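Before any questions on binding or motion, here is one chain by itself as structure tokens, the form predicted alone.
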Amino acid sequence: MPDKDEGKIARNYHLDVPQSGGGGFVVKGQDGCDWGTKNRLARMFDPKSGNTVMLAFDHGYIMGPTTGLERLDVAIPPLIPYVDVLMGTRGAFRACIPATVDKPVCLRVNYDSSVLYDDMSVGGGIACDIGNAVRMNASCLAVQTFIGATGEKNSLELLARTVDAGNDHGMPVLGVVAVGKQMERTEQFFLLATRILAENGANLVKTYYCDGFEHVTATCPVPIVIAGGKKLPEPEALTMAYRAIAEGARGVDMGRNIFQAQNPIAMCRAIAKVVHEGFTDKEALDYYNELLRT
């Protein structure tokens, strides 16, 4: 049986070896998937950069009316042209997103306890099954997992069963690493959590940026997109995105750092420059400020 202290042994991350999608497919580690899964992933990841800009607006499923998302129908539609993927709940899509939108949908399919509950990892389950996801024309299913928390076993079971259902329908699954109030945000934790999600079948993983992030992306055999997390000043958010992409992330899944920005559309466009065109954080900030002046 593996020893929990084994992680303290020095490791070789082979950072000098370029990461590839395997077999020529643009999305890392997914060449062995069937055509339907690969087709959905190919819609989510830009064929030139191999990266993605996802817009997360699923906050209300545990937080209620988040600042900037008081009116989903007002906040989100103007941003849609500037992102690659929309991530939200079925209720938000059905009520507030025009059905004419032709962007890949990453559908939040689990429910969790609200922010009022002391331990959010307890009591989660499937809020949207595969049949509903197919009717929603989803391109991806998003499931939150709580590694190292009370609800770890339950959330990993939900992930595994969602992967099974996704495989039956050619639907990829995004495993989301949760970080509760008392949970770590360290390299060691994210090395563990992202690898566990990938090995349980997640086709891509969403996690937070940390020191040593290049090790996290190197050891995760599927693409990592970073979570934006709490609102940061625009220069800091752009720097985080730049560092994450430079250290191996294949995209960002931002919410508050976009829709709570001074100019959300300008922030979307600046983030896209980092993710798809290789802009540095300084170049992206200059571009953002230029958009503010026009």
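Numbers for residues come from their place in the sequence shown, where the first is 1. For clarity, every value in this text was computed on a predicted model and none was experimentally measured.
Only in words, not in the display: the form predicted together with a small molecule, which the text now covers.
One residue of Y208, Y82, F189, Y111 in contact with the small molecule, assessed in the predicted complex (non-hydrogen atom, 4.5 angstroms) = Contact with the small molecule in the predicted complex is made by Y208 alone.
Of M87, I147, I76, C140, which one comes within 4.5 Å of the small molecule in the predicted complex, counting heavy atoms only?
-> Flagged contact: M87.
Candidate site Y61, G229 and R256: all three near the small molecule in the predicted complex by heavy atom within 4.5 Å = Yes, the whole candidate spot contacts the small molecule.
Residue stretch of 263 to 271, 241 to 249, 53 to 61, 30 to 38 approaching the small molecule in the predicted complex, non-hydrogen atom distance within 4.5 Å | That would be stretch 53 to 61.
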